[in-house]
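Given as structure tokens, the chain that follows is alone and in the form predicted alone.
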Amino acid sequence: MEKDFYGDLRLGILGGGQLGRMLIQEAINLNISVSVLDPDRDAPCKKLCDRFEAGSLIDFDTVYKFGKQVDMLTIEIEKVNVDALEKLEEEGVVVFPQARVIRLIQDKGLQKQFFKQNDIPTAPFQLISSKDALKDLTIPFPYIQKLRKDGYDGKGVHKIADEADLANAFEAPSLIEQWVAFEKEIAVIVARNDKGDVSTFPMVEMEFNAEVNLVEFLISPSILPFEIQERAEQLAIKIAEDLQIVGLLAVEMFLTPDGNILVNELAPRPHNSGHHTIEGNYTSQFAQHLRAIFNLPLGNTAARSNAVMINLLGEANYEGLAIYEGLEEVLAEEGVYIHLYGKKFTKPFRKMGHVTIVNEDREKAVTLARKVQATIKVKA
């Protein structure tokens, strides 16, 4: 690319949520000009970017016209019009991650087929076109049904334990996965630039909110055996190289009781499992994404300290203008870093922010994180 990233080059981001907001915060440090497209006129990115446009991310013309006004496009959400991105690529706009990668990852069925074709370990699966096909499955109860498209943050995922659950199954084209009795959910974020340089962040361990299947608690770095961490990181590298992706890729995995690692899902962008890197690592996931898409040297991903991240989710039964209870009490604690996402209104389980707790003593970090989790409440 002829333009310097810190000069006249215009970077466009499809999506204006919290991931875009934190990406812009890093872009400001590098004097990168950022334009944002998002359907929400009050999106979290609006006040931080150089140019904001309210519009659909899935409408061909809207995405195409927005892309023609920038030199490079990246995403903070996969649900975008890929046909428009492919046309923009043909006409010289740089799109990272590439349109073909986004198209594959948009469809959980294509993801699974990619895993199978590239010998990437994953749970046994079948693809179905309608609810009626469930009666012919070879996968036994219990199993997981996932919508092939548009599922996110626990939406579009349904556990079917027995025949009684079939009535509530999704009617749309779906991925059926064998139920995995995993011991731990783990994740590795990997970055790859256009030169082919690849770098991983240390593997993290995650705890999920069972009610809405959202990451609620994350610990970095992992203290699982080195051999497991190395296998997980090598799997992430293999996937990034098989995809030839440029940018950041989050690889979510299951660790089974017998020590096997099964890849669950991919996200071709900054991810919830990497928020702790802002304070916890020498290079944040957001800075690394920018380094990757601008073909710069990848940063040092080593952990500075133990870091625990908790999501701030809207409390159940509260909807309206957000009120953050317990902020002052938490801010009085050493090593606590609060990130609010600029969302004016809360609703049950909406991601409103996150908190990272860093401490050289892992147990102290975990204990303080539990206290923070019990203290901060997002109400209305």
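When you see a residue number, it is the position in the sequence shown, counting from 1. The shown structure was predicted, so the numbers you read here are calculated from the model rather than taken from an experiment.
Absent from the display: the form predicted in complex with a further copy of the same chain. The rest refers to it.
Relative to a further copy of the same chain in the predicted complex, residues Phe96, Gln113 and Leu127 are all farther than 4.5 Å at every heavy atom. Residue contact with a further copy of the same chain in the predicted complex: Arg291 places a heavy atom within 4.5 Å of it. Although the partner is absent here, Asn118 sits far enough away that none of its heavy atoms falls within 4.5 Å of a further copy of the same chain in the predicted complex.
By the criterion of a heavy atom within 4.5 Å, Asp107 is excluded from the residues contacting a further copy of the same chain in the predicted complex.
Taking non-hydrogen atoms only, Leu296 approaches a further copy of the same chain to within 4.5 angstroms in the predicted complex. Stretch 276 to 284 is the contacting one of 276 to 284, 98 to 106, 255 to 263, 72 to 80, since its residues have non-hydrogen atoms within 4.5 Å of a further copy of the same chain in the predicted complex.
Shown here without a further copy of the same chain, the chain has Arg21, Gln25, Ile28, Asn29, Leu30, Asn31 in 16 to 37 lying with a heavy atom within 4.5 Å of that partner in the predicted complex.
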